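First, one chain by itself in C-alpha cells, the form predicted on its own.
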C-alpha cells in the first residue's frame, strides 16, 4: 500500500494541496484512460472539451476503480480519517488547442451540500500535462481563510441565466460576498503553486482551497479524473443553489447529520480497503 510520508501529510494540512507522484500504477492509469474514452465516446476532435461525473454509479468498470486504486486510502491518511466515502467522480478532458476552456479561480465547497474538515479531492492525471497546458494551480493555505468566494464568471454575469443551469445557482452565487482576485499577480500576498503531472500522478487537495486550470494550448490532449472523498467528520448540509449531483431527494440524511447513507455515499475505505465483493450501488435514488 502506498503510504504518505510525514512531510506529504504535513503539506496537505498546511497548504491544502500535495502532489502524490505515481499514485496510480501505469497499467491502471492506462485502463482508466481507456474507460474515459469509452464513457465519452472515444477521443474528441481538436478544440473540444469533455466532462462527465458520477460515472461510478452507472458504470461497473469505473466503480471498480474506487476499490482497485489506493486513492481513498491516500485521502484517509492525509485527512486523518478512519473511513472514506465517495461523493462523486468527475471526468475532465481538454483536447488539444482548447485555449478557451479556462477554469477560473474557484473553490468547491461553497456549492457542495457538504461541510466538515475532512473533505478532499484526488485529481488524477491520465495524460502528461504542464501548468501552462492546463494542469492545476492552487493558492496555498487558502483552505484556512474561512472564505466563500463567488465564482468568477466574467463581466456582466446574468444570475438568472445561472439559475437555469440548476435551481438556485445564481441566487446563491449572488449572495457570496468574497470576490475572486488575480491571485497570481500578487506574489507578495499570495503563494500560488502549480504542478506539472505525468500519467498516474495525483493532486490531493482540500475542497476549500482556491484552484484553477488554464486552457490547453498544447498540441496534445489533457485527461484527468477527480474523485471527491468524504471523511469521518463530513456533514450533510443542503442549501438552496447547491450542486444537485446528490440532493435531498437522493438521501435519507437530514441536515446536520454525519454522512452515513451507504446508498448515496458508498463506503470505500475503512481502516483498510472495503471487500471488493461488496456491490456498489448504481443509483442514488
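Everything numeric here is computed off the predicted structure, so don't read it as measured data. Positions refer to the first chain, counted from 1.
Keep in mind that the form predicted in complex with a small molecule is not shown, yet the notes after this line are about it.
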Open item on the list: Taking the small molecule in the predicted complex, would 106, 123 and 205 all count as contacting it (heavy atom within 4.5 Å)?
Closed with: yes
TODO: Could you work out which of 142, 98, 81, 213 is the residue within 4.5 angstroms of the small molecule in the predicted complex, going by heavy atoms?
DONE: 213
Task: Residue among 197, 133, 119, 136 with a heavy atom within 4.5 Å of the small molecule in the predicted complex - done: 136
Open item on the list: Which is the contacting stretch out of 188-196, 174-182, 144-152, 205-213, given heavy atoms within 4.5 Å of the small molecule in the predicted complex?
Closed with: 205-213
Task: Proximity of residue 226 to the small molecule in the predicted complex, heavy atoms at 4.5 Å - done: yes
Open item on the list: Within 4.5 Å, heavy atoms only: does residue 111 come near the small molecule in the predicted complex?
Closed with: no
- [ ] Please check if residue 92 has a heavy atom lying within 4.5 Å of any heavy atom of the small molecule in the predicted complex.
- [x] yes
